[in-house]
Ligand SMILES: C[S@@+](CC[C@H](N)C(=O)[O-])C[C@H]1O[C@@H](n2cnc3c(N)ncnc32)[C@H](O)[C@@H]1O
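Next up: a single chain in structure tokens, the form predicted alone.
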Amino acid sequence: MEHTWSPEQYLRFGEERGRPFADLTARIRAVDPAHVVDLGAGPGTLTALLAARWPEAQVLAVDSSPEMVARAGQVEGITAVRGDLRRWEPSAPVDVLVTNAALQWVPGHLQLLPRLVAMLAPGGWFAMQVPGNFDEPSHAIRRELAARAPYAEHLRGVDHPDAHDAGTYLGALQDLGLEVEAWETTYLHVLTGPDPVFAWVSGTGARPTLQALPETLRPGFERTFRARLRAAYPETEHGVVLPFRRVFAVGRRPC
């Protein structure tokens, strides 16, 4: 079963999801770029920040989800197109290429980096961010439950995110000839509302798993998943704290 994405569910935590994008793109020091591309742009709300920063540039939002592209098409200042980042090709060399929280969905994405870097114009910038929290309870609990009967037979081969550490991306991009800086940041998101960690993961990392389950099994899986997440991320008087590690790399192609 091919999963779908919900812009509304994703944007429920839009402010928290937007912080890494702002921190990533702040390290891009491009001046007056003509062609700016956001690969895996989702609903386009963050791509709009690129258009605001470089109003004279042609800013393109690329995403494989028709639901996300439809939402991005309503965002002023950008052009939204549907495309798979594994195969999409630009019509001209790219001055700024951003991929934010997308590469983790591509198995073996280190092998994709040479193709992405080759899209850059001389002096062009490449910026990437991926989650680095896959050992945290929010993912570990999902994997544990998914491996159990009766769920396992329905979840074999379901998409799941994965990524590397900052040092791995640093070396890979340096080997491709870029001048690179790479770093990691752990954000402490304070979430509110009923079962907020479940609400968070059901819009991203856990969504393919939940959608792949038949209707007869999904409610039981969700009940157990919610309960385990509540125990792993207890509520405090200020809300529920979700630690979230992110991995960043920004590189410039020499002129």
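From 1 onward, residues are counted along the sequence shown. This is a predicted model, so every value here is computed, not measured.
Keep in mind that the form predicted in complex with this ligand is not shown, yet the notes after this line are about it.
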query: Counting only heavy atoms and a 4.5 Å cutoff, which of 98-106, 116-124, 166-174, 134-142 contacts this ligand in the predicted complex?
result: 98-106
query: Is there any non-hydrogen atom of Gln211 lying within 4.5 Å of this ligand in the predicted complex?
result: no
message: With a cut-off of 4.5 Å between heavy atoms, is Ser202 one of the residues that contacts this ligand in the predicted complex?
response: no
task: Tell me, yes or no, whether Asp84 is in contact with this ligand in the predicted complex, where a contact means a heavy atom of each within 4.5 Å.
output: yes
field: is_contact(Leu60, this ligand) in the predicted complex, heavy atom dist at most 4.5 Å
entry: no
- line: The one residue among Met68, Val36, Val197, Ile28 placing a heavy atom within 4.5 Å of this ligand in the predicted complex is Met68
Sequence-ordered list of residues in 44-61 near this ligand in the predicted complex, where near means a heavy atom within 4.5 Å: Leu46
